[in-house]
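Only one chain is included here, represented as structure tokens and corresponding to the form predicted alone.
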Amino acid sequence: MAIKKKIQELRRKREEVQMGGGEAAIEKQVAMGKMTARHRIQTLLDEDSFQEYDMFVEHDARDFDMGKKVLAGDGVVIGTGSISGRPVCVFAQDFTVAGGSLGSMHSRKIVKIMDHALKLKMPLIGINDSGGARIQEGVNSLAGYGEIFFRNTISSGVIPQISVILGPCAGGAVYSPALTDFVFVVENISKMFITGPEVIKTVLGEEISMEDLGGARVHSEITGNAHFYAKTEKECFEQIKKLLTFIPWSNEQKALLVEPRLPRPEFKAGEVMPDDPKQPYDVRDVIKSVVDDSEFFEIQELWAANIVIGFGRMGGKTCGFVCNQPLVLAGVLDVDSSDKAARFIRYCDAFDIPIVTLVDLPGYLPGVDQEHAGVIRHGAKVLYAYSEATAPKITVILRKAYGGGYIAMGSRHLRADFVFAWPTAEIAVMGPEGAANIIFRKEITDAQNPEEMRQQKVQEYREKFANPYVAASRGYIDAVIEPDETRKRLLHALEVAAEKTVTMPRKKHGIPPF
């Protein structure tokens, strides 16, 4: 009987904790269109796979009458479970308990599951829904954030770290997601900002809504802080599950090998490129013409759209794609697209995911705004990322590759393993029009018909220099290939480069142009 009573008591205590902040708080959470912390975990993980730890942890604060308050689980749920049968670590802040605020014990629970993830070499998924630091606990709350940030940093490049913003994430709390690999946001639910609307009104006298300050759209389209945007929480969880099919569980493993599949017949590389070299096209059609089943999982689709990044498979193996997008700003590199590309290149390299680069750009974006925004410093990040990367690197030049853009986009000079070019490739210091105006300026000016002479010289320059054969003659291009040969060439190059080894100079670490 004594054992049965104790089991009943355990069940009662579990039920109390699982009620979080109580029925009224849960109803309020649901009324805002949000799941509860445990519902979120159950929806994300495989059915019946979640094992919770530290359920009965309580805060240890005593000031401001905190000693009289009982906070179920101290406002955060932690544990392990599985996604598609593979183990993951997860935590979810519970907004129904003290607004999900972070205190000393709350942070210690998060730190514990972070340590588990690093030690056991499995992904960490953090669901953020918190009003920020628990003011009543003072510096202990700040210390808790510091411990989390430190672990985010040492885990970087070792295990995948995924942040899900499903409510407010304010003040210092925003820096943990910023240190992780992928950030997911949901329309009308996610809010991220350093200082809230009330502070901005007090200090600057400006009225601004929480959504306009740091909503899901803002971070998906303007700041680049978010990598994936969803309309609902369930859609967000499906995005996470799909991402996990592409990436390795740690830097000591490879991504899952799946059954190879041919691209869908409606995507043909040879039919993508327009005859007019000034006409744009969607580089995603080229990607879909080479990847298995034409499936491409794009990352940061809404931000810096002049570059396209994401995952696809070739021969059943995950590859990272970095591609100029001629549909947007002619595919130029600018401040934001440089950051976007460089960060993704470094992620792929950290987990030894081969990098496929598709090139079509006129160079870096000119202009006073870009110069003042630091395009030199930001643009250098791409050079650094490609140069530092030791994962297999294969580049295909589709059309324009001018000036510094040619060098930056995974060129042979930054140690690409293989570089191919379509016959439509134009590799030169600058475009034929600009080059002709400089080189043949006197002849054009002195001509009876300057415009006719200019067009003649532009064509002369294009035929002589703006083609792939000059670079091929110097060995900078391994092969000039037909567009429809691209998949075959890439598959072979990836196979050949799969076990590459690179010896780098001994050093503690490099100093990127952060």
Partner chain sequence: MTAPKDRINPSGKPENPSHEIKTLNVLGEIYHTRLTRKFLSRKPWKKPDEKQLMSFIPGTICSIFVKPGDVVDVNGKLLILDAMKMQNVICSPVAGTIRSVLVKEGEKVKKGAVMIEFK
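Note that the structure is predicted; figures quoted are calculated from it, not measured. Residue numbers count along the first chain shown, from 1.
Another form exists, predicted in complex with the partner chain; not displayed. Remarks below refer to it.
Trainee: With the distance limit set at 4.5 angstroms and only heavy atoms considered, check whether Val203, Asp336 and Pro366 all reach the partner chain in the predicted complex.
Mentor: Yes: Val203, Asp336 and Pro366 each sit within 4.5 Å of the partner chain in the predicted complex.
Trainee: Spot the stretch among 95-103, 177-185, 266-274, 414-422 with residues whose non-hydrogen atoms come within 4.5 Å of the partner chain in the predicted complex.
Mentor: Going through the listed ranges, the match is 266-274.
Trainee: Whether Pro280 contacts the partner chain in the predicted complex should be assessed with a 4.5 Å heavy atom distance threshold; does it?
Mentor: Residue-level check for Pro280: yes, a contact with the partner chain.
Trainee: Can you tell me if Glu433 lies within 4.5 angstroms of the partner chain in the predicted complex, counting non-hydrogen atoms only?
Mentor: Answer yes; at least one heavy atom of Glu433 falls within 4.5 Å of the partner chain in the predicted complex.
Trainee: Going by a heavy atom distance of 4.5 Å, is His372 a contact of the partner chain in the predicted complex?
Mentor: Yes, His372 sits close enough to the partner chain in the predicted complex that at least one of its heavy atoms falls within 4.5 Å.
Trainee: Give a yes/no on whether Phe228 approaches the partner chain to within 4.5 Å in the predicted complex, heavy atoms considered.
Mentor: No, Phe228 sits far enough from the partner chain in the predicted complex that none of its heavy atoms falls within 4.5 Å.
Trainee: Have a look at Arg284, Arg108, Arg343, His378 for me and say which one sits with a heavy atom within 4.5 Å of the partner chain in the predicted complex.
Mentor: Going through each option in turn, the one that passes is Arg284.
Trainee: Heavy atom within 4.5 Å of the partner chain in the predicted complex: which of Ile240, Leu329, Leu256, Ile407?
Mentor: Contact residue from the list: Leu329.
Trainee: Can you name the residues of 374-403 that have a heavy atom within 4.5 Å of the partner chain in the predicted complex?
Mentor: In sequence order, Lys400, Tyr402 come within 4.5 Å of the partner.
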